[in-house]
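Presented as structure tokens, the chain that follows is alone, the form predicted alone.
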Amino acid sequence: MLSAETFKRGLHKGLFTLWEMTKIVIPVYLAVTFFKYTPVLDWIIKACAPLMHLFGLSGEAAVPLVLGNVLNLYAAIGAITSLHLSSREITILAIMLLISHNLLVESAVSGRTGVNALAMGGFRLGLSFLCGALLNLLL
């Protein structure tokens, strides 16, 4: 049974966790939103385009991949719908983004739990690339 003391303790811990995550999430989203309106994201996309061929993707597929990794899956979905990608390309992108989406925020949150944020982000990105290359060979 839920006592008043248990409810109070749970509410306090929940609000504390919300505050800790808010201190991470909001500054990261503000920074990324700022970079979205500068040429920085365009430079990243152009730099990633040759890499896309390793995954059997067109150069324009770098747009949703970068947006999904830097912003979130919703930005990637919006970019995918505006591009003319085959179902094969969308499948490869989807698997890659399911592994490595929202890298900045999730790595920062992982860092707050004691995990090395840079190592976790690198691991997720590396695994995403490996799965993308394997899917390119299989499909």
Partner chain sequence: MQWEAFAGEALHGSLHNIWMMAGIIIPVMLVLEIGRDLHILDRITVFVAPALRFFGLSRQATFPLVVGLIFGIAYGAGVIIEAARSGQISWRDLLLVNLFLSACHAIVEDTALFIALGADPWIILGGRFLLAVVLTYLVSRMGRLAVRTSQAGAKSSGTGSPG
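What we label the rigid core is the largest C-alpha set whose atoms superpose within 1.5 Å from one form to the other. Numbering follows the first chain given and starts at 1. Everything numeric here is computed off the predicted structure, so don't read it as measured data.
Just so it is clear, the following notes concern the form predicted together with its partner chain, a form of the same protein that is not shown.
Though its partner chain is absent from this view, in the model of the complex it lies within 4.5 Å of a heavy atom of just one residue from 54, 40, 47, 26, which is 26. When its partner chain is considered in the model of the complex, residue 139 lines it closely, a heavy atom lying within 4.5 Å. The closest heavy atom approach of residue 118 to its partner chain in the model of the complex falls outside 4.5 Å. With a 4.5 Å cutoff on heavy atoms, residue 60 does not count as touching its partner chain in the model of the complex; it lies far away. At the 4.5 Å threshold, heavy atoms of residue 104 stay clear of its partner chain in the model of the complex, well away from it. Along 59-83, these residues reach a heavy atom to within 4.5 Å of its partner chain in the model of the complex: 73, 74, 77, 80, 81, 82.
Fitting the two forms on the rigid core leaves the C-alpha of residue 122 displaced by under 2 angstroms between this form and the one not shown.
Between residue 40 and residue 125, the Cα distance is greater in the model of the complex than in this structure, by no less than 3 angstroms. Between this form and the other one, the CA-CA gap for residue 41 and residue 103 widens by 3 Å or more, being larger in the model of the complex.
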